[in-house]
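The chain below stands alone and is given in structure tokens; this is the form predicted alone.
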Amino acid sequence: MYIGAAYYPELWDESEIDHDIEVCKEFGLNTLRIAEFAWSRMEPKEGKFDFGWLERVMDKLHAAGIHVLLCTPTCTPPRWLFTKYPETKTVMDTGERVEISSRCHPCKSSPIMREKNRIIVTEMAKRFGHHPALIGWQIDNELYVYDNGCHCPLCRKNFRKWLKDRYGTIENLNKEFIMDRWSLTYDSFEDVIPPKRSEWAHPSLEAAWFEFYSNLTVDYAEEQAEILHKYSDAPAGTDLMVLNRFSFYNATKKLDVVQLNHYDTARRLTRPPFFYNFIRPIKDRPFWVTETQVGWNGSKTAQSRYRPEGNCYVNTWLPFAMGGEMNLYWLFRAQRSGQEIAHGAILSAAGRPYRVSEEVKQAAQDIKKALPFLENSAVKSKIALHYSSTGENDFAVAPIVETMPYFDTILQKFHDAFWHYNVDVIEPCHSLEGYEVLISPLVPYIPKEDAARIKQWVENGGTWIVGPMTDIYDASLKKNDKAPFYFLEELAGVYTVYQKPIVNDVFKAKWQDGTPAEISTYFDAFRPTDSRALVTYDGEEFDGYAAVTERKVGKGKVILLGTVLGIDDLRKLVDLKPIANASENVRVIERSGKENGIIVAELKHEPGFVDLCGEYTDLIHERTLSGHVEIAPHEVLVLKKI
């Protein structure tokens, strides 16, 4: 298990390395992530490389038993490169080239930029590809479609080619986008101009542009991965942020390990488990958390709320509890100057630890106690929740519901309804083998091949809880002109009478036994044709129509949601038993394999409880527990089944 921090030795006197190693030993840090912004130190002049300082650092770290995650520096090319080759700089959608002031400046279409990337990555891979301290590679830094992408002539040209490859003729594009509206039809692909953020752009064009630039960004990373794989056996990944609009599945397809950066712990320690459940199934190996906050995040000002005692301890534990093998903090030592001068760290700029540093130390000690259990067990789930990158892109440009709370309200609610279950969060393309329940809210487009797989899975005995706002668009972000859905009406056995995407607290609903049901956000009114109503509207214009229906399909069933149900109501739809009875502030994770047990973590800084069925060994506190167990605020229990 790798615990550590982002480390920037290029910013400090080389004599500091020995002191830093002692700090790592004191606080239980066994991994440092280095070189991600150090291109100017490694290539101070074009074609003149200096890796001596980096090799000395890595040699010392290895001698001290500290691992290295080495980063390619392509997020921050040196100023000499941009000065000599200004065409490598991104062009904003205003037509201006960016000024060099922070990071993420390069145009990803530029042949010169690509060539310079290949050179520096090749030199690094040759020099350090088999260094004994190296455990892996990080490619670039937080790849995303920043500031609406690059709008230089080359990127525009490549976009038009991408559209032509997809649609074949301009007539097909016009038909797919329905460009006759407002007489917007294109005469040729040369007429197509990428959308500006300031314009009322066509949603289909906006979605296509983001997809194109996402694919370009993925190619930007894969080019580097190919070089690293040629000269090194160490696994390569790229540190992605918690934004699946830039698809995690596409971004990591040709990479070896999924890497994640997140800064959600201060306000919502309950949020990171969603993303751990999401990144865990992508690869058949443990994921890596490459950045999270140790104290507070910030730029020129410190940001995020106060973190109560124990918050950092639990945040250190969570990735390991949920299937990861690395947790790195940003950063080791606070910056002395620059844009992130106010950001927290394990050490202050003066080299002094904080209270939270002691929590990292305690977590490292406790994780070591539980290491055999973690290594001999894994997280396995019977419930899957769809999280669609296509859906996030579609709802970003055409949300339908005003201020669409795509993740923060809706998906989080579906996830939190099964807080005491193991849940895999997956893309629609993911295999359904091993799952008994599939939940698919807000998946506006489902490709025909995925729909066929899901239907076959249901016929074989699966329970599909689907909707709302699923199957409402095609690949070009068009609605169906024959029905409100493309295939769900027939599969679910309903006729959709009305749809109302107006958020309100007027509509009420009830279960068939008369119990009130909580509904919100979006409202479909169904008339069952070959299904039965589970929840019906109670009063107002939809009175008596179904809000939730159920239909037997083969050995399984389809439950169609026309609205967003409350957490307690969602739980009524699933027959599976929770891992354990526990308070809502407590996360329960079941692990199984050569060793079996559960991990319990309190996430809201409140007293909680868990009711255990059978006897367990508490590996951290070395005691036997059974029955009702009280959980202290931000406490973690690792319980091995006896």
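Nothing here was measured: the structure is a model prediction, and the numbers come from that model. Numbering starts at 1 and runs along the sequence shown.
Absent from the display: the form predicted together with another copy of the chain. The rest refers to it.
Quick one: which of 117 to 125, 181 to 189, 441 to 449, 269 to 277 gets within 4.5 Å of another copy of the chain in the predicted complex, going by heavy atoms? Selected stretch: 181 to 189.
Check 340, 397 and 481: does every one of them have a heavy atom within 4.5 Å of another copy of the chain in the predicted complex? Spot residues vs another copy of the chain: full contact, yes.
Partner proximity in the predicted complex: residue 39 to another copy of the chain, non-hydrogen atom cutoff 4.5 Å: It does: once another copy of the chain is placed as it appears in the predicted complex, residue 39 has a heavy atom within 4.5 Å of it.
Is residue 409 close enough to another copy of the chain in the predicted complex to count, meaning some heavy atom within 4.5 Å? The answer is no: residue 409 has no heavy atom within 4.5 Å of another copy of the chain.
Residue contact check: residue 161 to another copy of the chain in the predicted complex, 4.5 Å heavy atom: No, residue 161 stays farther than 4.5 Å from another copy of the chain in the predicted complex.
Is residue 201 one of the residues lying within 4.5 Å of another copy of the chain in the predicted complex, judged by heavy atom distances? Although another copy of the chain is absent here, residue 201 would touch it in the predicted complex, with heavy atoms inside 4.5 Å.
Can you pick out, from 243, 193, 154, 371, the residue that has a heavy atom within 4.5 Å of another copy of the chain in the predicted complex? Exactly one residue meets the criterion: 193.
Using heavy atoms only and a 4.5 Å cut-off, determine which of 498, 487, 144, 249 is in contact with another copy of the chain in the predicted complex. Going through each option in turn, the one that passes is 498.
Does any residue in 292 to 322 get within 4.5 Å of another copy of the chain in the predicted complex, counting heavy atoms only, and if so which ones? Result: 296, 299, 300, 301, 302, 303, 304, 305, 306, 307, 309.
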